[in-house]
Structure formats: structure tokens, C-alpha cells
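The same protein chain appears twice below, in two forms, each given on its own as C-alpha cells and labelled structure 1 and structure 2.
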Structure 1
Amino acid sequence: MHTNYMLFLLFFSVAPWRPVVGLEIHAQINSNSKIFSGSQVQFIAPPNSLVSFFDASLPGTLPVLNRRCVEAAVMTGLALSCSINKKSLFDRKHYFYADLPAGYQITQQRLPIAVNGNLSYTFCVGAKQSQLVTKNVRIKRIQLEQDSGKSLHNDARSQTLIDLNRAGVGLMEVVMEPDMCCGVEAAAAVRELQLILQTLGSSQAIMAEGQLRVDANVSVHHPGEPYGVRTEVKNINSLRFLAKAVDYEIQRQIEELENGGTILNETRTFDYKLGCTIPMRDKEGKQDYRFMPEPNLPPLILYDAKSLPANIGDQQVVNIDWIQERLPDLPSVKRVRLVEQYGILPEHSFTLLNEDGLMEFFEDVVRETQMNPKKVIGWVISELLGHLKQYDLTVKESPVNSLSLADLLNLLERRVISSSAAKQVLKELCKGEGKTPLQMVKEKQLELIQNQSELDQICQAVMERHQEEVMEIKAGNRKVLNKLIGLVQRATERRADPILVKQILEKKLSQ
């Protein structure tokens, strides 16, 4: 995908089109209860088992704002360098929601909780993924709102059933300015936001569970001209699909315009099976949501240390400064620490954070092994992660725990086994048979031959069988020495220490 990014930039550097991408991201707030009611929030529960009277919009019920949702939004805004509005307002957005009984959504249209932020994101490009590109996207606003329920379509019975368990769950809508130009950038920005939300704990942000949903606004235009008509690709729930949907939509719009067509202001959806976007509904007529102030919720007032009223503690109000002081280290800070502390490459620090649980796994291995962290990172990323991806496993599902990998690397570091033997043992460990690395080494007789006289005899025999190579080395062609070392390795089934073999051969060749 990232190699395509370079081709993408090359194409648009000579093509007469400039793509523009903006994002609207809905993140489910990590809270035990909903934003305006006491109903429990749970991913899997029997349909309509988590619905209060307010969620069902029974007459006479009133919203009560969840403090936790406010704190999560403030925390997210601070992490994204936003200005936090000490006064924000709630509004009703009227729309036909089949799965929101009130017929409107409580949101923040006029004055949201946070504005004018910034997100820096980085991604790897190039054939070897070794070139880092860092970009920024402006955050226009973060607003609090409630989620709608879920429509369950039963085609066999021609029915649509409504599950209101999700109705009223707290959301943060993060609106990004149109500062991106392709799918790779959009996916990288959302991934960085996802890591920030998970670090803060303000959202679990699991896309597969609908906790992070992305709407992409895409348009193309000629340089120097106003932005073109945009389309909105709704409810994308995968980073891979987001990149594909955006790139497809850009290409579709360019082809449409170059063929003399026009772009409709419409809502589209991404069909991952077909790999294309398809129309849902047009937006040519201006949507009239009939926004009005929410009469049952007063203005949301926040404080900082200077404006905090006397004799009121942090538990009675939401204190912006109190939250700021408790912000954890963000992913960007963690990456810098990893590079400085362990001497690893910057691109490796991105891999460690992008794979859930991999940073902790790596640091656990480093603590338990004598091997240099620069070598450990190769085993963790190239070898272990490669095996896990081959079997479609996450780090947390790994059959090899950090202690087992550390034990294996210690055997390698103490030159009990060779690197090729270590890879063979790792492959066996991935089968999850419960054996220790040392047990596998013993069973398969993979220990390096430490007996110098035995190695001396093997080296002598190899030299006698390959007199032509010996003569070349003595004539000055030192590269042929590697061939002799390889022949000794083959003769010992790779149980010979290559360093020791080299020393023995050199000594014999100098005689």
C-alpha cells in the first residue's frame, strides 16, 4: 500500500488534478453508562436489554449528562492541542432516525466542547518501508453527541428489527480539515488518532466493534481552482478499507470528470467485496436538520485552576487543568523514548506501537535477555511478527510468550545454538506445544559443536576435498573463504559456530 503512495504522488505531480480528503470520525466514549442515561454500555448483550426510559424516549423523561463522557472529550481535545471551550452548548438535530425513538439526536452544533487542534501523523514509504513521511492535519472540532440504535434487516422475512442497546451511547465526533490527499494519509491519520484514544483510555476505538467509524469527504480539483464537488463515503470500519475507499473514490471522480461527466454531491458506501464505492443517497438539496437548542440541558460549563470557584473541589466540577496534568505519554513521546532508550530505528518504533501489545512484548523480552535491543527488535518484528501474520494471529494471541523468546535469544547470545537453529526453534515454538526452547534444542540436537578438536578435523577434511578453493584463498581471493565456511556448516548440519570455524580455517590456511 505504501509503495503505491509513492506512485500516487508521482502520478498527481504530473496530472492536472489535486485530490482533497477530509474526515469525520465517530469514536465511542469508553464509559460504563450512556451519555444521557444510566443504561449500561456493553458490546454484546441481548437485544433491547440495555434501554432506559429516556433511551426509549418515553414522555416526561429527561437527559442527565454523564461526567465521564465530558472528561473523555476534554482529555482528547487536550491531547490533540485543541482549545477547550469553557462554555459549550447542546443542540437537537432533527432527522428521521428509524433507530432513535426521539426523532432527533442530541449533539453540539453551535458551540462544541473543543476546537482548532492539530494531529501529527507519520507513515513509512518506499520499497523497504524505511522512509518516514510526517504530515499534519488540522482538527476543526470535537463535539459530544449520542449514538443511534441498530437496524437489523431480515431479508428472508422482509422485516427490519430495531435494537436500542446502542441508542444513547456517548460519542465524540472528531472533524478533520481537508488536509489529506490520498488513502494512505487518511489511514495513517486515523491510526494515530486511534492510538491516542487508546492511550488516553477515552475510547477503546476498536473498529471491528464499531467503536471507531469514519466518514471520508473526497473531492478533486485543478490546482489554483476552488475545491470540487465532494462526495461522502460513510461508516468505514477498517483502516485498510478506508485507504481503498478513498483512493477508489479519487480515481472514480477523475475518470468521471475527464469523460465529461459531473460529480454529484452524494453519500456513498464502500463495498469491500467489490472494492468500490456505491451510491446511497444524494445530497444535492441542502439538508435541513432544523437544529435547535436542546431545552433540557443547560450550557456545559468547564473550569480551569484560575476560574475554579472557591470551596469547590475537582470532584464537583470538570477542571481542565486537573485533566491536563494527568495526561499520559502520547504515542509520539513513546516512540522517541523507544529510539533513545534502545537505539532502534524510528520506523521500528512505529511498528512497535502500531501492533497492539507489541511494545510491551518487546520491552519484556529486552528485560529478560542479554542480547542487544538492536538485535532483539529484528527477532520480534521480522521473525515473530512475521510468523504471527502468517497465521493471522495478534500479538496477544501469540503462542510464544516474551519469556520463551527471551530464553531462545539467550541461547543464541551464549552461542549455544546458531542463528539458523534459533529460527528453526522459533518456528516450532509457534506451534504452541508447550516445550521450552532448551528442550527443543536438546531433542533436535541443535547445539553448536563446541569441541575444537572435532571442528579441527572437519575443517581439515573440507579443505582436503576442496583444494582448488584453498589455492584461490592462498592466492589472495579472500571471498572464497565464505564458501569453505558454508561447506563446513553443511557438513555439520549448521551446528558449527561460524566464528570458530573461520578462526580454524584461517589458522590452517596461514600454515
Structure 2
Amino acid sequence: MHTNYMLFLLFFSVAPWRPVVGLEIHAQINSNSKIFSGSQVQFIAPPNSLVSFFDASLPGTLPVLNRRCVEAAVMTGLALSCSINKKSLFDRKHYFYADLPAGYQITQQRLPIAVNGNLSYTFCVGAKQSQLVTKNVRIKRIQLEQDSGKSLHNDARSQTLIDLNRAGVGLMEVVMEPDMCCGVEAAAAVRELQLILQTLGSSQAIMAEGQLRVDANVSVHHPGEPYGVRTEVKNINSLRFLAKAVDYEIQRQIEELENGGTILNETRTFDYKLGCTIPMRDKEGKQDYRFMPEPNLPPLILYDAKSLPANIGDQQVVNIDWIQERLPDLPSVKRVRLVEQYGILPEHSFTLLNEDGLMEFFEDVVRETQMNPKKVIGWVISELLGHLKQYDLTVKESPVNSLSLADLLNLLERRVISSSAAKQVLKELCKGEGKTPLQMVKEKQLELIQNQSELDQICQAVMERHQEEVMEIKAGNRKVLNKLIGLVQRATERRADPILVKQILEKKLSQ
């Protein structure tokens, strides 16, 4: 979008539009049981098997708050530099829908568990995507709430079927301020949030399983003027679609306004097949959620080291300071450490964090090899990842483990094999035949010729056969030396160390 927009400005030089993007993200909490009941949380299970009487909203049932969900929200709040409210409240949000059996959702409207945070995210710009830009988005609030069930449509019999397995699963709704301005930024912010949630373990945040769902609020306005009317694109469940939906919506609004139209405050959905957003016929007039305090849940009180009560059992206390002390290193901290410790490029640190287990793989290889980490990173990111991509494998499924790659790099480092031979061996190893690098090298006879006198003889023979070239070099044309080196390489089937060959040839030529 960036480039399109720039071109648009360049050619038409009209008053620029400034897009404004805010996000609301629902993250399913990674817990064994639901937020207010003891039924299991699992993505795939027979219909209505993970449902308690409370989840089905049978009369006489009451919500009982899951401590784990509270801790996950506090952890997430702290990781996003929020202030944690020591007192937060639960409310009912009413709406009628078949997969919401109670007719209301328990959420935190008045006083959420965490507020006023911050998320820093980085994305690539430039023609080659080589320049990193870091931006901040403010986190307005994080609230605990229940998920709804699922409606499924049976076309054959035109039935709507309800599965309540998801009803009552704990959600953290993260509300971001409208600090972003395009699809790339929105996707980068959500990606960073996803990595943070996965690092904390507070959510598995698998978008394909609906564990992370994004609503994007989009508007455009002229700088210096008030914000435009916004639309909300709901329920986006992939990063790619998020970027596309946001950019499409910005472009649509600009075109609409340029053509003298107006923007309606409406809810839209992204049709990934058509690649555009379309309005959802939903709100007849303004929706009235009839928020009211949840009468069955007293305020949620959290403690810190100072306010820790003596008379309450540990089971009943959530201690903010205790959670803060045990927060794992966040992705941003890990990246800085990788750059400092190994001297790798910042963009490589992003690549390492971008796939689960890749950073650990890299560090394991570094630990087991004498090779400089700056060189190791190339072998991991360009070579190994390239091969894995070809076989559509993740690092965790890699047929080459970190020890094996380290062995190979050690052979290269000790000049047992050449760099091109190492690449050839790695390619073979990726086929997963279970051979060690050394076995592979022996089998294919890829070792460099170590024997100095053997090389000496080969060089001598090549020189004798190419007297013309030798004369040229002696006459001062040093470029021809490379040709001789190449000839020696060919004679040894690339098993000669080029540096050694060069030394030998130079010595012989100067005699």
C-alpha cells in the first residue's frame, strides 16, 4: 500500500489523505479449563462434549472464575507495559445470538484488568525490504471475557447447528489505540503481539484455529482535520488478510470520498476470495448492548508485594509482583541479545525469532562449532531454511539437527571440505537419509586434498600444459592467475583448497 499511495500522491498531487487504523484483538487464553466453568478447552472435540451446565446457561448455575485466566491476563498486561488495575469489574453485555445461550457475554466494560500499555513493533520497508522501521502502538486496555459457541450451517437440510464447545473459553481482548496507518503496520503489530503471547504462553495465538482474531477500525482524514468516520472490519484470522483488508478499506474510503461519497459507520467483513471488504447487514440503528454489572461476580482484587494480605490463602491471591519477576525474556529482549552476543544483523535476529525453535537451533549450532556466528547465521537462514522451505518443513521437523549441521560446519572450518562441498552435503542431508556429514563426505570423496606435495605436482602439471597463460602472468597480467586456479580446481574435481592453490601457483610463478 505504501508504494501505491506514494505513487498516487506523486502523480495527482492532491491534498493527502491520512489513514488511521486501530485494532481490537481477541486472544484465546491458553488454559486447561474455561474461564467460568470446569469444562475442557480444546480446539477439536466431538460437538457439545466440552460443555458444562453453566456453559449451556442452565438455570441455577453460577460463574466461578479460573485463576489461570486472571494470571494470563496479568502476565500479558505486564508484558505490554500496562498498568494492572488492582480492582477490576465484570459486566454483562447483552445480545441475542443462537451460540450465546445466556443472551449476554460476561466481559469487563467499566474497569478492565489492565490499561495504558505500549507495544513496539518492527517492519521492513524499501525496495528490497532491507530497511527496518520500528514504531509504537499504545494499548488502551486488556479485558477478560467469555468466548461464544459456534454456529454451523448445514446447506443440505438448511439447518443451523450450534456447538457450544467454545462457549465460555477465556478471552483476552486487547484494544489498541488508532496509532497505525496501513496494513503492513497492522500486521506487524499483531505479529509482535502474537510472538509475545506465545513467549508468555498466555495464548497459543494460532490464527488458523481462531485463537487470535482481529477487528480493524479504519478511517481516513486530511491532516489537521478531525478523524473521518470509521468502519470496522471484523473477524480477520490471518496476518496476510489483515494487511490486505486494511489496505483495501483505506483505498475504498479514499476513492469513495474523492468521488464525493460519504463513509458510513458500519461493520464490514473481508472476503478473502474476492480480496475486498463487504458490508455486513447488521446494525439496524445503533446496537444497545444494555451493559450492566455482573451481579454474580464481586470485584476482582489483585495484590502486590506491599498489599499482600496475611489472612487469605495462597490459592486465592494473584500477586502482580510475583508474576512480574517470573516474566520470560520477551522477543524484543531476545533480539537485542542475539545482535549483541553474536554480532549478527538486526534483521537476522527478526528471522530467528520469527519461527518457533529457530533461535534455539541457531544457538545450539553456534555452541557446537568453532565457526564465527556471523557465518553460522548464513548457513542457518539462507541454506538450511531454504532447503526446509523446499520440503515444506518447519525447523522442528528438520531432518538435519543442530549437531549434524555443527559437524558439517566444523568440517568446513577445519578446511576438510570446501564451501561448495559443504553446500552439496547439506542438500543431501536434507533428504533425511540419516547419514552423518563425515560419512557423506567420505562416500562422495569430497575432502580437500591436504597433501602439499600432491597439490604441488598437480599445479606443476597444469602450468606445463598451459605455458601461454604462464607467460602472460609473468608478463604482468595477474588476472590470468584466476584462470590457472580454475584449471587446477577442475583437475582436482574442486577438491583443492583455492587459497592453498593460489599460494603454490604464486610461489612457482615467481621462481
Partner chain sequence: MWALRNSGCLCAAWSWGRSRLARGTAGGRQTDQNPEWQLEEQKLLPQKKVTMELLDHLERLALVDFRNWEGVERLEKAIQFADQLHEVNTEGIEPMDSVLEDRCLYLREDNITEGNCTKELLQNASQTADEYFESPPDSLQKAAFCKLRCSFFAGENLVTGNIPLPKLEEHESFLQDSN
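Numbers given to residues start at 1 and step along the sequence of structure 1. Here the rigid core means the biggest group of C-alpha atoms that line up within 1.5 Å when the two forms are laid on top of each other. Here the structure is a predicted model, which is why all the values come from computation and not from measurement.
Enquirer: Two forms of the same chain here; which is the form predicted together with the partner chain?
Expert: Structure 2.
Enquirer: Would L330 count as moving between structures 1 and 2, using a Cα shift of 2 angstroms or more after superposing the core as the test?
Expert: Comparing forms between structures 1 and 2, the L330 CA shifts below 2 Å.
Enquirer: So with the core overlaid, does the Cα of G476 end up 2 Å or more away between structures 1 and 2?
Expert: Yes.
Enquirer: Cα of P178 displaced 2 Å or more between structures 1 and 2, core superposed?
Expert: Shift at P178: below 2 Å after core fit.
Enquirer: Keeping the rigid core fixed, work out how far the Cα of S420 travels between structures 1 and 2, to one decimal in Å.
Expert: Between its two positions, the C-alpha of S420 lies 3.2 Å apart after core fitting.
Enquirer: Once both forms share the same rigid core frame, by what distance in Å has the CA of L505 shifted between structures 1 and 2?
Expert: Shift of L505 at C-alpha, rigid core superposed: 4.3 Å.
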